[in-house]
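The form predicted alone is given below as one chain in structure tokens.
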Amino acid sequence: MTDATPLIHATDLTVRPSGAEVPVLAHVDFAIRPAEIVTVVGPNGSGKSTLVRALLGHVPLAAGRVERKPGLRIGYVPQRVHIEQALPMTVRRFLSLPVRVSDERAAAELARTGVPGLESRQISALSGGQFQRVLLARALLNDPQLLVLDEPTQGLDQPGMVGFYKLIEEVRSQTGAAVLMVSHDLLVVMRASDRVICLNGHICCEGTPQAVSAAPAYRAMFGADSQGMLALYEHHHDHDHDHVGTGAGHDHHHHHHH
């Protein structure tokens, strides 16, 4: 039996910045349970990052309450991490901020996130995709029960994005961590989530990706192209594995079963 007790449970969550007339978020009820992947989508300014910060306890609430499971371990990958480019810092050093970790543990998480052996590389020399994976490795170091990712694929190209979300699904199945993602990237929502929440100052709709993509509020928010995105997603999902073994000269990498 999986434990159905929510890791985080918010009731009637309302956030109003000081001096603001209108709340950024109003009357939001939200829960995330163990091993669940939940994605929050919505237009810019809809309160997605504010919701994450409120759930993590980083912003004061105007009303409502947030309950976290006692001792909840959270791994957080923030939206933007500014590292002074001129500052020399290796990946290995970065992984030991703020808490020192063993070489073995650092190596294991880099391998898990698909960037093994980068320890001695300078952070400033990494590609965007490598840096995202290093950030994820760092978030996994404290063995989180909940992984929180705020717009994790900003700046990645489409293959980079798809690869990153596949990695998130693998991490979830390996570690059992729940995943809360914020995204405006519809492809993601349709690929990797158990549950999608559409936010625009309040929850407009929520449910499975299929249910949400059919909801009028979602279509109104994201327009007709959302249907095209869903079709694309379903096509990819159905045919992902069909081409294995065809074109014998080109598919060697599919056949190495270690």
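Note that this is a predicted model, so its numbers are computed, not measured. Throughout, we count residues from 1 along the sequence that is shown.
The same protein also has a form predicted in complex with a small molecule, omitted here; what follows describes it.
Here the marked residues T5, E109 and Q174 all miss the small molecule in the predicted complex; none has a heavy atom within 4.5 angstroms. Contact annotation for R105: none of its heavy atoms lies within 4.5 Å of the small molecule in the predicted complex. Interface residue remark: S46 is counted as part of the site for the small molecule in the predicted complex, having a heavy atom within 4.5 Å. For D185, no non-hydrogen atom is located within 4.5 Å of the small molecule in the predicted complex, even though that partner is not displayed. With a 4.5 Å cutoff on heavy atoms, S193 does not count as touching the small molecule in the predicted complex; it lies far away.
Only one segment in the set 66-74, 49-57, 28-36, 205-213 has any non-hydrogen atom within 4.5 angstroms of the small molecule in the predicted complex, and it is 49-57.
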